[in-house]
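Below you will find one chain, with nothing else, as structure tokens; this is the form predicted alone, and questions on how it binds or moves follow later.
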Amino acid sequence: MTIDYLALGEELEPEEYVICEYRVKSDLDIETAGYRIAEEESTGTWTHPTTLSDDIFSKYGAKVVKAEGDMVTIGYPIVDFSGEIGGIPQILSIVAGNLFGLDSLKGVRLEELQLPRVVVERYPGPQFGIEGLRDVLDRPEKPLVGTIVKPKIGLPPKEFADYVYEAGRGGLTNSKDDETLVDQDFCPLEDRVNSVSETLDRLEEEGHLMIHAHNISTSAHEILEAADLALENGARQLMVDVLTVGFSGLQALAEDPSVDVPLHVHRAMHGALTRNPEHGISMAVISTLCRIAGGDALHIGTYGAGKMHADISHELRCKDILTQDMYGIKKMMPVSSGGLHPGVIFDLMEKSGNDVQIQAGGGVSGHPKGIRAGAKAMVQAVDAAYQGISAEEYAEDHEELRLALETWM
């Protein structure tokens, strides 16, 4: 019996394989390194099992179809992902499992994950997506403009809701909890949702539509209960820290018929997986999984405009993954957040386009005239960029924007 995971140059039928691209750092030549990954993640091990037959290998063995430079492309037969139980955890166990610990590899990074239709159709995909969020907010063309309530922890429910009201009066379409706030004693989820819901009702009565994403990140066996609590108190949007909760937690929310509001997905902890260019899992892969799992909006970065480490090419790739056709499932709203303020919006929108949700926390709350003025300045910056006008020119007759530019530029 000849077992050879190398199938260099073979054309794989995309509907019959899950196809992955890996960046590899190793003292081994790139073909051997790819062989080791395919072997470890499909039918092989460090010895030659007597139980591994030609039939098993031909049906279930992975194929290395390309190995050039530091990149390896591997196809995993679709049958490896079959069955009623497994889901996204099973996908990750195969394409991103033991390979990271292989002693023969100094570094390996999963860069791309291409899923066939038969896999994608098992998952809910976005319930609302870009168009649904625009419909909810009656905002058909311009970017969504939001804030994150600051400080991220510490405000009691009434003061928290007051922040949201001021942001709404300033014209923002969105606000959200931060990733560290869920149900702490100083701001219980039930009380916070109730107070914010009353505020959003008040804003709507005053003629302004706004939604707030409430963070319900918790244990897998409690997340639907947390969602029910939030919805019973009037939540218009829910938020999940997908990497700490798990993709299956997001999927459980998306598949539950009682969860009839958009799902905002935060990527807290992603840097542990994505930041090292030679090891880990790219944000592109995380974006793919969040979209099929049912998120409606996902943080992907600020295209170099904010405070977080960024590779603009990776963020543009994430945007493509969220907004390109994927077997008919809805498109997911890219979210930019992290160190944003009115002075960087023009450059950001040149890269993001109009299908983006722009979130500013400190860039709203840090305005010298307060939250409402900070919100107005953000709205003015977005309006200017939408019209192709520089923030500096638009600020000539918009005081809030002018003060923001003086403060941060």
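Worth saying up front: this structure is predicted, and the values here are computed from it rather than measured. We number the residues from 1 along the sequence you see.
What comes next is about the form predicted in complex with a small molecule, which is not displayed.
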Legend entry - Triple contact flag 178, 301 and 339 to the small molecule in the predicted bound form, non-hydrogen atom at 4.5 angstroms: yes
Inset, instruction - From the candidate stretches 198-206, 101-109, 149-157, 123-131, select the single one in contact with the small molecule in the predicted bound form, where contact means a heavy atom within 4.5 Å. - result: 149-157
Inset, instruction - Report whether the minimum heavy atom distance between residue 307 and the small molecule in the predicted bound form is within 4.5 Å. - result: yes
Legend entry - Heavy atom of residue 362 within 4.5 Å of the small molecule in the predicted bound form: yes
Legend entry - Contact label in the predicted bound form: residue 236 to the small molecule, heavy atom within 4.5 Å: no
Inset, instruction - Decide whether residue 266 counts as a contact residue for the small molecule in the predicted bound form under a heavy atom distance cut-off of 4.5 Å. - result: yes
